[in-house]
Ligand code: NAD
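Below, in structure tokens: the form predicted alone, a single chain.
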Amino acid sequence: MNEKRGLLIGRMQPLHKGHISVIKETLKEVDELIIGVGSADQSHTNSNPFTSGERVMMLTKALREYNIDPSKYYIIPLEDVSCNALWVAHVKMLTPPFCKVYSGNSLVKQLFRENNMEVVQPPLFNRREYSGTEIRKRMLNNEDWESLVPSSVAEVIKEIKGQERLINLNIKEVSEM
């Protein structure tokens, strides 16, 4: 196993400049980085509006935009499983071997620690603004969200009519209450 390969897990709903900073910093610590797109089976909800394919496209284009060497990373969608005790084995089955896990999610960190994996909390960059929740809120309120994401991600969101989707999903959920 490559002792310098890490796994970074995030939902990236949507990918933002904070994610890019975390990826760049993490690549200073490892030779290769597996970028796990978490909750890949989730889409078309307020908290997970984008599909895994859309998030992979956002990542691919943004990493190219920021001149991050494609030989240094793998992007792998990671679906949730209904039994948390099995999730780490599921992730290991889908990914190349890795020696370290990078995540800010408390459940992800706990599950990997319980499986005797080294877990690192990546540094957070301007978390108040660089947060998927904040970006989705701004999209719903028709406020500036584009400045928080790479320009290539803004282009993808426009191409797939992501803001319109999020607004329509929000209207639907409100009307169902």
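We number the residues from 1 along the sequence you see. Because the structure is predicted, anything quoted here is derived from the model rather than measured.
Not pictured, yet referred to below: the form predicted together with the ligand.
No residue in the set P49, M58 and Q163 has a non-hydrogen atom no more than 4.5 Å from the ligand in the predicted complex.
Just one listed stretch, out of 65-73, 107-115, 143-151, 27-35, contacts the ligand in the predicted complex at the 4.5 Å heavy atom level, and that stretch is 107-115. When contacts are judged by a 4.5 Å heavy atom cut-off, I157 does not count as touching the ligand in the predicted complex.
Contact annotation for H44: none of its heavy atoms lies within 4.5 Å of the ligand in the predicted complex. For G53, no non-hydrogen atom is located within 4.5 Å of the ligand in the predicted complex, even though that partner is not displayed. Among heavy atoms of L94, none comes within 4.5 Å of the ligand in the predicted complex. Residues of 43-58 are not found to place any heavy atom within 4.5 Å of the ligand in the predicted complex.
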